[in-house]
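This document starts with one chain, in the form predicted alone, laid out as structure tokens.
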Amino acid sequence: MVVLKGRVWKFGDDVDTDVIIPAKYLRSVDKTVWPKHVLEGLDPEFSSKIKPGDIIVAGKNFGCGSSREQAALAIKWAGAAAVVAESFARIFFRNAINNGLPLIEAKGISKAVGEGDVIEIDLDSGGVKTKNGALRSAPLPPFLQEILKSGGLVNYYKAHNK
């Protein structure tokens, strides 16, 4: 059973990839640059506040906008353990899984938690425990769970194609 427990950083609906990591930082290949600027359009101090294991919670359509893979990587490299949202943009969802960033789609999460709350996510069952009760969502299919457990699609491929 894979359980993640962390402090919540809460954002609203339609958080797009341009806000997650602004385009002006995309030319850098330095892995330390993107986490320093993650979500700065919504909270200029966010990168200095997030700690390893924290969890981002958002409303509907998280990760909409351009298909930049760097958005998922910026969140992961900033230390977020997972993102829980009402819904995700499809391309962001796949980019996150491919890069080993766990996502949980949980209806009602944006009303069930506040910033700073501690929540617990059971990746195997899709359950989310909050101080106000538990939310159930469909767990990720086993294949996607295996990709996450491998740390992303490239690691999964290497492990299964020796």
Partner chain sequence: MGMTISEKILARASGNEAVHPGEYVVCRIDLAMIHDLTGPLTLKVLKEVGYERPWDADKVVIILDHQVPANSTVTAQLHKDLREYAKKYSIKNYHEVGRQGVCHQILAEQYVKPGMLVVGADSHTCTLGALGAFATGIGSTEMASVYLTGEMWFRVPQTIRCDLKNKLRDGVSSKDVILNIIGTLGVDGGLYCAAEFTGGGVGSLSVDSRLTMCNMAIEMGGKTGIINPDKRTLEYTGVKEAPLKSDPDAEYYRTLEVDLATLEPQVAMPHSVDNVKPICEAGNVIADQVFIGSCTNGRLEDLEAAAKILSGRKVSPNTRLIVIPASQRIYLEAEERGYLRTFIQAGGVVCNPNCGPCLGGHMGILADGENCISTSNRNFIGRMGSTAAKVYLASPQTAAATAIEGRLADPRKYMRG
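Numbering follows the first chain given and starts at 1. Here the structure is a predicted model, which means the values were calculated and not measured.
Beyond what is shown, the protein has a form predicted together with the partner chain; the following relates to that form.
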query	finding
Partner proximity in the model of the complex: Asp117 to the partner chain, non-hydrogen atom cutoff 4.5 Å	no
is_contact(Leu123, the partner chain) in the model of the complex, heavy atom dist at most 4.5 Å	no
4.5 Å heavy atom contact, Asp54 and the partner chain in the model of the complex	no
Contact of Glu146 with the partner chain in the model of the complex (heavy atom, 4.5 Å)	no
Answer range among 123 to 131, 45 to 53, 96 to 104, 109 to 117 for contact with the partner chain, defined in the model of the complex as heavy atoms within 4.5 Å	96 to 104
The partner chain in the model of the complex - contacting residues of 69 to 88, heavy atom within 4.5 Å	Glu69, Gln70, Leu73, Ser87, Phe88
